[in-house]
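So this first bit is one chain, no partners, the form predicted on its own, shown in structure tokens.
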């Protein structure tokens, strides 16, 4: 029997708490039945699964040997979490194409191995792919270039 893996125990408890909170908030919704699901059925099902998963992780934390946790990769977390926020804040003003390009560049800064030229090539490729898929193939109605760029003549 090993010592308690505190990281797994904490993660399991977070899952249990989140699942329980969402399960309790979905109690006021009509559950329905398996064949005729109400609006509360799926949230309750997900809540129960989350609580069970958290319980399994907590149980497993008592059976494992403690593994040293590496220091947090703050740079990666900041850039990866900041990239979609940046996209959401700029897509209406800059438009889809520049926002995708700049978001990809921002996310590329999360890693240390990607060179600047590689990051720009990746951003061009992702922008081209997303524009072809979402604008051309799917025909989604959004502005490719937004009003913020009309000031500079684009």
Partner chain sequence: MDLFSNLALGFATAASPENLLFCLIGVILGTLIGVLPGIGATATIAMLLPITFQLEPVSSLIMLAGIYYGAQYGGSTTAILINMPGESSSAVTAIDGYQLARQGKAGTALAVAALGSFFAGTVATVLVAVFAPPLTVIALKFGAAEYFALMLLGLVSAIALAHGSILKALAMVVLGLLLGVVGTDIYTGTPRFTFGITAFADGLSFVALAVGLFGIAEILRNLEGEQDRTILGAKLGSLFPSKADLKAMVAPMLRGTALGSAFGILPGGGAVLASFASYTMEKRLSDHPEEFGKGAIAGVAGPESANNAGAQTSFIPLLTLGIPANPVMALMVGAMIIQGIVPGPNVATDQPALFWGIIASMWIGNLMLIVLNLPLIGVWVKLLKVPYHLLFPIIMAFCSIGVYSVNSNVYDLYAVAGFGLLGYILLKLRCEPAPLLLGFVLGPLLEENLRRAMILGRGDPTVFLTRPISATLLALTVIVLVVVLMPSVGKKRAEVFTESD
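These numbers come from a predicted model, not from an experiment. Rigid core: the largest C-alpha set superposing within 1.5 Å between the two forms. Numbering follows the first chain given and starts at 1.
Only in words, not in the display: the form predicted in complex with the partner chain, which the text now covers.
Taking the partner from elsewhere, residue 124 is found to have every heavy atom lying beyond 4.5 Å of the partner chain in the predicted complex. The partner chain is not drawn, but in the predicted complex it has a heavy atom within 4.5 Å of residue 129. Taking non-hydrogen atoms only, residue 4 never approaches the partner chain to within 4.5 angstroms in the predicted complex. Although the partner is absent from this view, residue 107 contacts the partner chain in the predicted complex, with a non-hydrogen atom inside 4.5 angstroms. The partner is not shown here, but in the predicted complex the stretch 97 to 124 reaches within 4.5 angstroms of the partner chain through a heavy atom at 100, 103, 104, 107, 108, 110, 111, 112, 113, 114, 122. Superposition of the core reveals a Cα shift of less than 2 Å for residue 130 between the shown form and the other one.
Relative to the superposed core, residue 44 undergoes a Cα shift of 2 Å or more between the shown form and the other one. Once both forms are fitted on their rigid core, the CA atom of residue 56 lies 2 Å or more apart between the shown form and the other one.
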